[in-house]
Structures are given as C-alpha cells and as structure tokens.
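Only one chain comes next, encoded as structure tokens, the form predicted on its own.
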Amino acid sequence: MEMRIIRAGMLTTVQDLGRRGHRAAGVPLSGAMDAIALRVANLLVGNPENAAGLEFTLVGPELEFSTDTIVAVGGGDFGALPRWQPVRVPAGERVKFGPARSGCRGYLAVAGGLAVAPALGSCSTYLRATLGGFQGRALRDGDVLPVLDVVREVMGHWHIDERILPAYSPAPLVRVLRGAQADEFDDTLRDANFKVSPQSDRMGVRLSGPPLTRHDATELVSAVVVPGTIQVPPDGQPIVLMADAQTIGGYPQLAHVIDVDRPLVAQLRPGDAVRFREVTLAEAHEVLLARERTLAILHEGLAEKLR
C-alpha cells in the first residue's frame, strides 16, 4: 500500500519514538515532539506504539491512499478527521488537513505503519543530519511513502475517554524538577509568565519574559542535557530543549520539564503562554507511572475493539 503526499503542509516528517542508545555518540533522540499523541494514535489503529507515523506543524498535509485503510489522528486539531479515534479512509479519497485550530503539531498513524527504512534503529527524521525518515528530509508535494499491508477492522462504534490525554492548553502550567544550577537563580521562573517565541523549533522552544539572571558568573563546563532541560543563555530568556536537542550544552541548567508534561510544551505555538511549577522527583515518578498504567489499560481494552 502507498500513501501519496498531495500537499506536504508545514514541516511534515516521518517520526517514531526516537533514536535511543546513541546519545554518547552525539546523536539526538529525535522522534515525535508529542510522544503521547503518536503512541495513542498508533494504539488506535492496532500498531505498536513505536510505529512510524507523520508529524506536521501548524499546517497539515493533504494525503491519498492507494487502498482502503484505517488511520487515527492525535495531537493538535487540524480538522479533516476527528481526533483520538480510528477512521476508515477509502482508497483514492483525499484527506486534507488545514491550519491548526488548536495546538501546534498533529500526528497521523496508519494501520500497519509507514514502511521506511530505519537508521540507527529508528525511522525518525533528524533534519540537521539528513538522517532517517523519508530521505532524511521533510516531505514534499508528490512524495509517495510505502505503508505495511495489514487487514484491520474496527469493532462497533466507540471513542476513548479523553481524560487520559494530556491537558493541552495555550497557557499550561508545566511541572519541572530543579536543575543543576537552580540555586544560582531567583524565583523568576516560578513566578513569571513566559511567551513562546517564533524562533522555536524541534530543537528547543524559546521563551520570552522577565530575564532570568544568574548570580554566579563562573564559567560552566559543558554537561549532559536531555529533552526537557531548561537552559538559560546569556540574554536570560530560557530555552526548553525538545526532541532534536543536542546531547551536551554549556548554558546553565535551571530546571527540567517532567516527562509527563513535555507534550504540553510540544503543542505550544508562537505567542502562547506557559508557567512553571516545581515538583519533587518522587512526584514526577508517580505521575509517570500513573500515565503508563493508563496507556497499558488502553492497550488492553483496544484489543477487543480491533481485529
């Protein structure tokens, strides 16, 4: 089966859950910015959670499938199809996503998954190195992607309880852990509202607000950073590192967004607001385990709904 890209939309790429195990060699994680959206969309069409799908940003693509298939959409609302449920798409029918009505990034899972060749164990696209995905680049008009052939049926009419999904918002309260240099800053991060800068990308979400001033002028040795790390460059405007973030950095590390709340940051668009609240490592573990239990229950329940 094939999926044809009629219109590519904006920054539409092939992504899975990332390229794990290569950070020591300087290779970023990459993968879906909003991993939960892709995981749930894949489950809704009977795929493994890590199957390759599409990620698109602010403006979605127009697509056509060569045979009947089942798809699911997660993340931001781009119209065309209802989110968070499996939808049958007949052969030759075009699915046209428009500008995002809410959120920033949409995810499309296709039954069977996109059949692109993995690079370093992942199908994710890392644009800066032209690695993985479809020819290592964003999709273009006219591209044709192979899809694994599967026969799948949806049993009955149903939808998932959306309370299991992240609390997406254009002004979320995001939970963070203290970073290595947190004691060298005052409480501005906790007390202030920040706006998302248009200069944000898959490497990091840049924020603007009251400058964060470091009280210790000592030069730092570069240290390990991960998706979710909040760095503070010399201008005092924080950057939340995201999926394509580098593996080490020399800026002070003020905080780290907890794993459960990174999807909230991934769905922020330029001009959106964000606030931060510090939590303990035990609290971060508790909410992570609760989320994983919920997804496991969803996976088990869907086994009776898909054939």
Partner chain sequence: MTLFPLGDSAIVVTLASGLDESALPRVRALVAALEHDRPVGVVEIVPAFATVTVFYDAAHGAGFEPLCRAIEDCAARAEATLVSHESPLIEIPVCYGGAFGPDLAEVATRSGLPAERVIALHSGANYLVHAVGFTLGFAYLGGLPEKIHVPRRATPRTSVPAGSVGIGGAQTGVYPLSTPGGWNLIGRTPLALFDAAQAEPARLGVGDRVRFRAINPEEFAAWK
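Positions refer to the first chain, counted from 1. It should be emphasised that the depicted structure is a prediction, and the values quoted were computed from it without experimental measurement.
Note that the form predicted together with its partner chain isn't included here; everything after this is about it.
Participant: Identify which of Lys96, Arg152, Arg214, Arg178 has a heavy atom within 4.5 Å of its partner chain in the predicted bound form; exactly one of them does.
Facilitator: Selected option: Arg178.
Participant: Every residue in His22, Leu120 and Leu288 with a non-hydrogen atom within 4.5 Å of its partner chain in the predicted bound form?
Facilitator: Yes, the whole trio is in contact, each within 4.5 Å by some heavy atom.
Participant: Select, from the options 268 to 276, 50 to 58, 63 to 71, 252 to 260, the stretch whose residues sit within 4.5 angstroms of its partner chain in the predicted bound form by heavy atom distance.
Facilitator: Careful reading of the contacts points to 252 to 260.
Participant: Are any of the heavy atoms in Tyr126 no more than 4.5 Å from a heavy atom of its partner chain in the predicted bound form?
Facilitator: Yes, Tyr126 is a contact residue.
Participant: Hey, in the predicted bound form, is Gln135 touching its partner chain, heavy atoms inside 4.5 Å?
Facilitator: Contact with its partner chain, no.
Participant: At 4.5 Å between heavy atoms, is Ser222 in contact with its partner chain in the predicted bound form?
Facilitator: The answer is yes: Ser222 has a heavy atom within 4.5 Å of its partner chain.
Participant: Is it the case that Gly46, even though its partner is missing from this view, gets within 4.5 Å of its partner chain in the predicted bound form, heavy atoms only?
Facilitator: Because no heavy atom of Gly46 falls inside 4.5 Å of its partner chain in the predicted bound form, the answer is no.
Participant: For the stretch 130 to 149, I need every residue with any heavy atom inside 4.5 Å of its partner chain in the predicted bound form, listed N to C.
Facilitator: Contacts from 130 to 149: just Leu131.
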